[in-house]
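Before any questions on how it binds or moves, here is one chain, the form predicted on its own, in C-alpha coordinates.
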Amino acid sequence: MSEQLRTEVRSWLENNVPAGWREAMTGCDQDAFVAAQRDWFFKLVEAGYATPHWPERWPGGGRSLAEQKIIYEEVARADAPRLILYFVALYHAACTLMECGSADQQQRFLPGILKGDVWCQGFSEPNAGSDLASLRTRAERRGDVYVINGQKTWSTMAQYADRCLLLARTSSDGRPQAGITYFLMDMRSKGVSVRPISQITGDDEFAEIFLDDVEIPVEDRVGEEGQGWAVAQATLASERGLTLVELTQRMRHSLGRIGEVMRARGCADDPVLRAAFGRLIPQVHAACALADGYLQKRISGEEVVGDASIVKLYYARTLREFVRLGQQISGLDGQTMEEFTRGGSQETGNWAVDFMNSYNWSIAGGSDEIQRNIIAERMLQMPREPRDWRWQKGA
(Lines give C-alpha, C1' and ligand atoms only; values in the text may rest on other atoms or scores of the structure.)
Protein backbone atom coordinates (compact mmCIF):
# COMPACT_ATOMS: atom_id res chain seq x y z
CA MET A 1 0.00 0.00 0.00
CA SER A 2 2.79 2.45 0.89
CA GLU A 3 4.63 1.96 -2.41
CA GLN A 4 1.38 2.24 -4.31
CA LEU A 5 0.67 5.55 -2.60
CA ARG A 6 4.20 6.79 -3.28
CA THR A 7 3.86 5.93 -6.98
CA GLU A 8 0.46 7.59 -7.14
CA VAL A 9 1.64 10.81 -5.45
CA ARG A 10 4.85 10.97 -7.47
CA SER A 11 2.94 10.56 -10.74
CA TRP A 12 0.43 13.25 -9.78
CA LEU A 13 3.18 15.70 -8.83
CA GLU A 14 5.04 15.08 -12.10
CA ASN A 15 1.90 16.11 -13.98
CA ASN A 16 0.72 18.94 -11.75
CA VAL A 17 3.64 20.86 -10.19
CA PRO A 18 3.53 24.21 -12.01
CA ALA A 19 6.20 24.16 -14.72
CA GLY A 20 8.82 26.86 -14.27
CA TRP A 21 7.30 28.05 -11.02
CA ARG A 22 10.67 29.09 -9.57
CA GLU A 23 11.38 31.37 -12.51
CA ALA A 24 7.84 32.78 -12.39
CA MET A 25 8.08 33.47 -8.65
CA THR A 26 11.53 35.10 -8.81
CA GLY A 27 11.21 38.86 -8.66
CA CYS A 28 7.41 38.78 -8.86
CA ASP A 29 5.22 40.95 -6.65
CA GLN A 30 3.24 39.65 -3.69
CA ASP A 31 -0.10 39.70 -5.53
CA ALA A 32 1.25 37.40 -8.26
CA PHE A 33 2.60 35.09 -5.58
CA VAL A 34 -0.76 34.96 -3.79
CA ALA A 35 -2.56 34.13 -7.04
CA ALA A 36 -0.09 31.31 -7.73
CA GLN A 37 -0.47 30.00 -4.18
CA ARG A 38 -4.25 29.90 -4.55
CA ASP A 39 -4.05 27.95 -7.80
CA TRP A 40 -1.64 25.43 -6.28
CA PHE A 41 -3.73 25.11 -3.12
CA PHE A 42 -6.92 24.26 -5.01
CA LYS A 43 -5.06 21.65 -7.08
CA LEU A 44 -3.85 19.98 -3.88
CA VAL A 45 -7.30 20.14 -2.27
CA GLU A 46 -8.94 18.55 -5.30
CA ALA A 47 -6.35 15.75 -5.32
CA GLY A 48 -6.72 15.19 -1.56
CA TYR A 49 -3.07 16.01 -0.82
CA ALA A 50 -3.66 19.27 1.07
CA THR A 51 -5.44 17.68 4.02
CA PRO A 52 -4.13 14.14 4.66
CA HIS A 53 -3.79 15.07 8.35
CA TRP A 54 -7.49 15.96 8.68
CA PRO A 55 -10.04 13.37 9.91
CA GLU A 56 -11.49 10.87 7.47
CA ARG A 57 -14.80 12.73 7.04
CA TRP A 58 -12.95 15.50 5.17
CA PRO A 59 -11.76 15.23 1.53
CA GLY A 60 -8.31 13.63 1.49
CA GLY A 61 -8.39 13.10 5.25
CA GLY A 62 -7.90 10.04 7.40
CA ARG A 63 -4.36 9.24 6.29
CA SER A 64 -2.05 7.55 8.76
CA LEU A 65 1.12 9.37 9.84
CA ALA A 66 3.11 6.92 7.72
CA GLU A 67 1.02 7.81 4.66
CA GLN A 68 1.29 11.52 5.41
CA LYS A 69 5.06 11.13 5.58
CA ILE A 70 5.12 9.62 2.09
CA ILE A 71 3.12 12.56 0.70
CA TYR A 72 5.49 15.08 2.32
CA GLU A 73 8.56 13.24 1.10
CA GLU A 74 7.27 13.24 -2.46
CA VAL A 75 6.30 16.92 -2.33
CA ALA A 76 9.87 17.69 -1.22
CA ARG A 77 11.35 15.41 -3.88
CA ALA A 78 9.30 17.14 -6.61
CA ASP A 79 10.47 20.58 -5.39
CA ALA A 80 6.85 21.72 -5.37
CA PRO A 81 6.00 25.23 -4.14
CA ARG A 82 5.55 25.51 -0.38
CA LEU A 83 2.01 26.43 0.67
CA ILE A 84 3.05 29.47 2.68
CA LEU A 85 -0.25 31.31 2.21
CA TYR A 86 -2.32 28.41 3.59
CA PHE A 87 0.03 26.91 6.16
CA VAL A 88 -1.67 28.53 9.18
CA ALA A 89 -5.14 27.62 7.87
CA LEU A 90 -4.34 23.98 7.09
CA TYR A 91 -2.38 23.25 10.25
CA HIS A 92 -2.64 25.80 13.04
CA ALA A 93 -6.28 26.78 12.52
CA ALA A 94 -7.64 23.40 11.45
CA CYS A 95 -5.88 21.36 14.13
CA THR A 96 -6.79 23.87 16.86
CA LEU A 97 -10.45 23.75 15.84
CA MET A 98 -10.48 19.96 15.64
CA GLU A 99 -8.81 19.51 19.02
CA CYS A 100 -10.17 22.43 21.04
CA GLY A 101 -12.96 24.09 19.07
CA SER A 102 -16.67 23.57 19.59
CA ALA A 103 -18.79 21.63 17.12
CA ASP A 104 -20.34 24.93 16.01
CA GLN A 105 -16.91 26.49 15.39
CA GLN A 106 -15.77 23.47 13.39
CA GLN A 107 -18.92 23.60 11.25
CA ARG A 108 -18.57 27.35 10.65
CA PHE A 109 -14.85 27.58 9.88
CA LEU A 110 -13.39 24.31 8.57
CA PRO A 111 -15.33 24.20 5.26
CA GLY A 112 -14.15 27.74 4.55
CA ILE A 113 -10.53 26.65 4.73
CA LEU A 114 -11.09 24.17 1.91
CA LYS A 115 -12.77 26.95 -0.07
CA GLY A 116 -9.68 29.14 0.24
CA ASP A 117 -10.06 31.12 3.46
CA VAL A 118 -6.65 32.39 4.60
CA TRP A 119 -5.79 32.44 8.30
CA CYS A 120 -2.99 34.21 10.12
CA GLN A 121 -1.64 33.94 13.64
CA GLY A 122 -1.81 36.77 16.18
CA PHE A 123 0.53 35.51 18.90
CA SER A 124 3.79 37.49 18.88
CA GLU A 125 3.97 41.12 19.96
CA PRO A 126 6.74 43.72 19.84
CA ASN A 127 7.71 42.81 23.42
CA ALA A 128 6.39 39.25 23.50
CA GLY A 129 8.09 36.95 21.00
CA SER A 130 9.90 34.00 22.53
CA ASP A 131 8.43 34.98 25.92
CA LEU A 132 4.84 34.70 24.73
CA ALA A 133 3.43 34.76 28.27
CA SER A 134 4.37 38.45 28.52
CA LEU A 135 1.87 39.51 25.84
CA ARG A 136 -0.06 42.72 26.57
CA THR A 137 -2.95 42.76 24.09
CA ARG A 138 -6.06 43.12 26.25
CA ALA A 139 -9.51 41.56 25.91
CA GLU A 140 -12.35 42.95 28.03
CA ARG A 141 -15.69 41.21 28.08
CA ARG A 142 -18.70 43.46 27.56
CA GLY A 143 -21.87 41.41 27.41
CA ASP A 144 -21.79 39.08 24.38
CA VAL A 145 -18.52 40.42 22.96
CA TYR A 146 -14.90 40.91 23.93
CA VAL A 147 -13.32 44.27 23.13
CA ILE A 148 -9.70 43.87 22.04
CA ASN A 149 -6.92 46.46 22.11
CA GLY A 150 -3.27 45.87 21.31
CA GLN A 151 -0.73 45.05 18.62
CA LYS A 152 0.60 41.86 17.04
CA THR A 153 3.67 41.46 14.86
CA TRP A 154 5.47 38.95 12.62
CA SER A 155 2.12 37.59 11.46
CA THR A 156 2.68 35.64 8.25
CA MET A 157 0.58 36.84 5.29
CA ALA A 158 -1.79 38.74 7.61
CA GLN A 159 -2.43 41.31 4.89
CA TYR A 160 -4.26 38.60 2.92
CA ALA A 161 -5.92 36.81 5.84
CA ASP A 162 -9.65 36.37 6.34
CA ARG A 163 -9.33 35.27 9.97
CA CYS A 164 -6.79 35.31 12.77
CA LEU A 165 -5.91 32.98 15.64
CA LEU A 166 -5.57 35.57 18.41
CA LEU A 167 -4.19 35.46 21.93
CA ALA A 168 -5.18 38.24 24.31
CA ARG A 169 -4.96 38.84 28.04
CA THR A 170 -8.24 38.73 29.94
CA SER A 171 -6.66 38.80 33.41
CA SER A 172 -3.44 39.87 35.12
CA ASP A 173 -4.02 37.74 38.23
CA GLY A 174 -1.83 34.74 39.03
CA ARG A 175 0.75 33.30 36.64
CA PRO A 176 1.04 35.18 33.32
CA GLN A 177 -0.07 32.10 31.36
CA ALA A 178 -3.27 31.85 33.41
CA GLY A 179 -4.67 35.14 32.14
CA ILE A 180 -4.52 34.43 28.40
CA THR A 181 -7.60 33.66 26.30
CA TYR A 182 -7.80 32.34 22.72
CA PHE A 183 -10.00 33.91 20.04
CA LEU A 184 -10.97 33.49 16.37
CA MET A 185 -10.97 36.99 14.93
CA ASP A 186 -12.54 38.16 11.68
CA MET A 187 -9.85 40.28 9.97
CA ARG A 188 -12.58 42.42 8.41
CA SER A 189 -13.80 43.56 11.83
CA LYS A 190 -13.93 47.29 12.54
CA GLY A 191 -10.75 48.44 14.27
CA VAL A 192 -8.41 45.90 12.62
CA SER A 193 -5.60 47.42 10.57
CA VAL A 194 -2.68 45.59 8.98
CA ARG A 195 0.71 46.94 7.93
CA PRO A 196 3.10 44.70 5.95
CA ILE A 197 6.70 44.59 7.15
CA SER A 198 9.23 45.21 4.37
CA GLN A 199 12.26 42.97 4.91
CA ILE A 200 15.83 43.44 3.78
CA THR A 201 15.43 40.40 1.52
CA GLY A 202 12.79 42.20 -0.55
CA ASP A 203 9.98 40.06 0.85
CA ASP A 204 6.97 41.31 2.79
CA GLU A 205 5.78 37.95 4.10
CA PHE A 206 5.15 39.28 7.62
CA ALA A 207 2.85 42.01 8.87
CA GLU A 208 1.85 43.93 11.98
CA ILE A 209 -1.76 43.88 13.18
CA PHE A 210 -3.20 46.82 15.13
CA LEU A 211 -6.35 46.29 17.19
CA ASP A 212 -8.39 49.29 18.30
CA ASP A 213 -11.62 48.44 20.17
CA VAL A 214 -12.13 45.35 18.01
CA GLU A 215 -15.22 43.36 18.98
CA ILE A 216 -15.11 39.55 18.93
CA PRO A 217 -18.28 37.58 19.78
CA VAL A 218 -18.06 35.34 22.83
CA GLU A 219 -18.98 32.42 20.56
CA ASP A 220 -15.63 32.91 18.78
CA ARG A 221 -13.62 32.23 21.93
CA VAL A 222 -11.85 28.85 21.87
CA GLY A 223 -12.07 27.08 25.22
CA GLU A 224 -12.87 28.82 28.45
CA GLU A 225 -11.62 32.23 29.46
CA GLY A 226 -8.05 31.97 30.73
CA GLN A 227 -7.36 28.66 28.96
CA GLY A 228 -5.66 30.24 25.95
CA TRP A 229 -2.18 29.10 26.90
CA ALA A 230 -3.19 25.43 26.78
CA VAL A 231 -5.04 25.92 23.48
CA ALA A 232 -1.98 27.69 22.03
CA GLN A 233 0.17 24.65 22.84
CA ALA A 234 -2.17 22.55 20.69
CA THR A 235 -1.80 25.11 17.90
CA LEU A 236 1.99 25.08 17.97
CA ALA A 237 2.15 21.28 18.25
CA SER A 238 0.15 20.91 15.03
CA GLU A 239 3.14 21.60 12.77
CA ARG A 240 5.55 19.19 14.40
CA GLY A 241 6.83 16.07 12.72
CA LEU A 242 5.60 16.33 9.16
CA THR A 243 6.88 19.88 8.67
CA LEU A 244 10.30 18.84 9.90
CA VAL A 245 10.24 15.81 7.58
CA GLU A 246 9.41 18.03 4.60
CA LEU A 247 12.05 20.65 5.41
CA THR A 248 14.85 18.15 5.98
CA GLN A 249 13.93 16.28 2.80
CA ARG A 250 13.90 19.53 0.82
CA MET A 251 17.40 20.24 2.12
CA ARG A 252 18.57 16.74 1.13
CA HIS A 253 17.22 17.12 -2.39
CA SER A 254 18.90 20.53 -2.62
CA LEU A 255 22.39 19.13 -2.02
CA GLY A 256 22.79 18.94 -5.79
CA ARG A 257 22.76 22.75 -5.93
CA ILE A 258 26.05 22.81 -4.02
CA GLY A 259 27.59 20.39 -6.52
CA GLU A 260 26.26 22.42 -9.45
CA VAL A 261 27.85 25.61 -8.11
CA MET A 262 31.17 23.85 -7.54
CA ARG A 263 31.22 22.54 -11.12
CA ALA A 264 30.09 25.87 -12.58
CA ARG A 265 32.88 27.73 -10.78
CA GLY A 266 35.51 25.14 -11.62
CA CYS A 267 36.29 24.32 -8.01
CA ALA A 268 34.90 20.78 -7.86
CA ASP A 269 38.41 19.46 -7.22
CA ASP A 270 39.35 22.02 -4.55
CA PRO A 271 40.35 19.84 -1.58
CA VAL A 272 39.15 22.33 1.06
CA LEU A 273 35.72 22.80 -0.51
CA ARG A 274 35.36 19.08 -1.25
CA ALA A 275 36.11 18.34 2.41
CA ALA A 276 33.53 20.90 3.55
CA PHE A 277 30.95 19.42 1.17
CA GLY A 278 31.85 15.96 2.45
CA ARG A 279 31.14 17.08 6.01
CA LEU A 280 27.83 18.69 5.03
CA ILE A 281 26.36 15.63 3.30
CA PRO A 282 26.23 13.40 6.41
CA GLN A 283 24.93 16.35 8.45
CA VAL A 284 21.98 16.72 6.07
CA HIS A 285 21.28 12.99 6.06
CA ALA A 286 21.50 12.97 9.87
CA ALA A 287 18.88 15.74 9.99
CA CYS A 288 16.61 13.61 7.79
CA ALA A 289 17.20 10.59 10.02
CA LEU A 290 16.39 12.60 13.15
CA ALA A 291 13.13 13.86 11.61
CA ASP A 292 12.21 10.33 10.48
CA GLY A 293 12.99 8.93 13.91
CA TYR A 294 10.91 11.58 15.59
CA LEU A 295 7.93 10.83 13.35
CA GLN A 296 8.27 7.12 14.06
CA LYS A 297 8.08 7.92 17.77
CA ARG A 298 4.86 9.83 17.13
CA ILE A 299 3.45 6.93 15.12
CA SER A 300 4.27 4.43 17.87
CA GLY A 301 3.18 6.74 20.68
CA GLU A 302 6.68 6.95 22.17
CA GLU A 303 7.23 10.69 21.67
CA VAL A 304 8.45 12.56 24.72
CA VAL A 305 8.81 16.27 25.40
CA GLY A 306 12.06 17.46 23.85
CA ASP A 307 12.13 15.13 20.84
CA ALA A 308 10.84 17.84 18.47
CA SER A 309 13.25 20.37 20.00
CA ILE A 310 16.24 18.17 19.13
CA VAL A 311 15.17 17.91 15.49
CA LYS A 312 14.43 21.61 15.13
CA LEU A 313 17.70 22.61 16.79
CA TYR A 314 19.75 20.31 14.55
CA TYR A 315 17.86 21.35 11.41
CA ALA A 316 18.47 25.05 12.10
CA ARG A 317 22.18 24.46 12.61
CA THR A 318 22.53 22.28 9.51
CA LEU A 319 20.61 24.76 7.37
CA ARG A 320 23.04 27.52 8.35
CA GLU A 321 25.99 25.28 7.43
CA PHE A 322 24.34 24.48 4.10
CA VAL A 323 23.84 28.07 2.97
CA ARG A 324 27.17 29.18 4.41
CA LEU A 325 28.96 26.65 2.23
CA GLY A 326 26.93 27.83 -0.79
CA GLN A 327 28.12 31.36 -0.10
CA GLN A 328 31.73 30.26 0.36
CA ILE A 329 31.79 28.33 -2.91
CA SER A 330 30.15 31.19 -4.83
CA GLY A 331 32.77 33.72 -3.77
CA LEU A 332 31.78 37.35 -4.27
CA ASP A 333 28.68 36.27 -6.20
CA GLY A 334 27.43 34.63 -3.01
CA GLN A 335 27.52 37.99 -1.24
CA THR A 336 25.28 39.66 -3.82
CA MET A 337 21.53 39.48 -3.26
CA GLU A 338 19.62 38.45 -6.36
CA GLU A 339 15.88 38.78 -6.87
CA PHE A 340 13.86 36.96 -4.23
CA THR A 341 12.13 33.65 -5.07
CA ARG A 342 8.73 33.45 -3.36
CA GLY A 343 7.39 30.10 -2.21
CA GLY A 344 10.73 28.28 -2.27
CA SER A 345 12.44 26.41 0.53
CA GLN A 346 15.39 27.85 2.42
CA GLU A 347 17.94 26.64 -0.16
CA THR A 348 17.07 28.51 -3.35
CA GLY A 349 20.65 29.09 -4.48
CA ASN A 350 20.24 32.84 -3.95
CA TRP A 351 22.86 32.48 -1.25
CA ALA A 352 22.79 35.96 0.27
CA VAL A 353 19.00 35.75 0.81
CA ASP A 354 19.22 32.11 1.86
CA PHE A 355 21.84 32.99 4.46
CA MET A 356 19.65 35.70 5.99
CA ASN A 357 16.56 33.49 5.91
CA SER A 358 18.41 30.57 7.50
CA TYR A 359 18.47 32.48 10.77
CA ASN A 360 14.65 32.53 10.81
CA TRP A 361 14.78 28.94 11.95
CA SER A 362 16.84 29.91 14.97
CA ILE A 363 13.84 31.98 16.11
CA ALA A 364 10.58 30.80 14.50
CA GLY A 365 8.54 28.30 16.50
CA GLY A 366 10.73 28.86 19.56
CA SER A 367 14.30 30.15 19.57
CA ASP A 368 17.36 27.90 19.83
CA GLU A 369 17.72 28.98 23.46
CA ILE A 370 14.18 27.87 24.25
CA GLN A 371 14.73 24.51 22.52
CA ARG A 372 17.87 23.95 24.60
CA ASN A 373 15.98 24.79 27.78
CA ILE A 374 13.21 22.33 26.87
CA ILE A 375 15.76 19.58 26.23
CA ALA A 376 17.71 20.32 29.39
CA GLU A 377 14.84 20.86 31.81
CA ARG A 378 12.07 18.61 30.53
CA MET A 379 13.96 15.81 28.81
CA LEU A 380 17.20 15.59 30.83
CA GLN A 381 15.54 16.73 34.08
CA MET A 382 18.28 19.27 34.77
CA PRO A 383 17.64 22.16 37.21
CA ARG A 384 15.63 25.03 35.82
CA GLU A 385 17.48 28.09 34.62
CA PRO A 386 17.80 30.51 37.57
CA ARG A 387 15.79 33.69 37.34
CA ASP A 388 17.40 36.90 38.53
CA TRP A 389 14.32 39.01 39.21
CA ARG A 390 16.37 42.05 40.17
CA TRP A 391 17.97 42.01 36.70
CA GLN A 392 14.59 41.57 35.02
CA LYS A 393 13.23 44.59 36.88
CA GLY A 394 16.27 46.64 35.92
CA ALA A 395 17.49 46.96 39.54
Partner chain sequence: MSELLTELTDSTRSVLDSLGPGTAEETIWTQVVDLGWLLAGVPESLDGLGLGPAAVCVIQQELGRSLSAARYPAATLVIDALVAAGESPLLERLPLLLTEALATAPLVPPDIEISDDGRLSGTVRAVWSVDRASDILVWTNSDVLLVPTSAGALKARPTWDETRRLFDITFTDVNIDSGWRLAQGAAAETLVCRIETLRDFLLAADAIGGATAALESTVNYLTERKQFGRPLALFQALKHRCADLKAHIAAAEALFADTLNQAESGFGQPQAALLAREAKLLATAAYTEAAEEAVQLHGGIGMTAEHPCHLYLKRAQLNEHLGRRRVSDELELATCQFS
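Residue numbers count along the first chain shown, from 1. The structure presented is a predicted model; accordingly, all values stated were derived computationally and were not measured.
Keep in mind that the form predicted together with the partner chain is not shown, yet the notes after this line are about it.
- Query: Hey, with the partner chain in the model of the complex, do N127, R136 and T201 all fall inside the 4.5 Å heavy atom range?
  - Reply: None of them does, since no heavy atom lies within 4.5 Å of the partner.
- Of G174, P282, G301, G143, the one that lies within 4.5 Å of the partner chain in the model of the complex (heavy atoms): Selected residue: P282.
- Ok, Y314, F87, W154, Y160: which has a heavy atom sitting within 4.5 Å of the partner chain in the model of the complex? Residue within 4.5 Å of the partner: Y314.
- Have a look at 226-234, 78-86, 176-184, 286-294 and name the one stretch with heavy atoms inside 4.5 Å of the partner chain in the model of the complex. Of the options given, it is 286-294.
- Message: Using a 4.5 angstroms cut-off on non-hydrogen atoms, would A275 count as touching the partner chain in the model of the complex?
- Response: Within the cut-off, so yes.
- Could you confirm whether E46 comes within 4.5 Å of the partner chain in the model of the complex, counting heavy atoms only? Output for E46 is no: heavy atoms all beyond 4.5 Å of the partner chain.
- Hey, in the model of the complex, does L13 get a heavy atom within 4.5 angstroms of the partner chain? So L13 does not count as contacting the partner chain.
- Might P271 be said to contact the partner chain in the model of the complex, defining contact as any heavy atom within 4.5 Å? So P271 counts as contacting the partner chain.
- Can you name the residues of 363-382 that have a heavy atom within 4.5 Å of the partner chain in the model of the complex? Result: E369, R372, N373, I375, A376, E377, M379, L380, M382.
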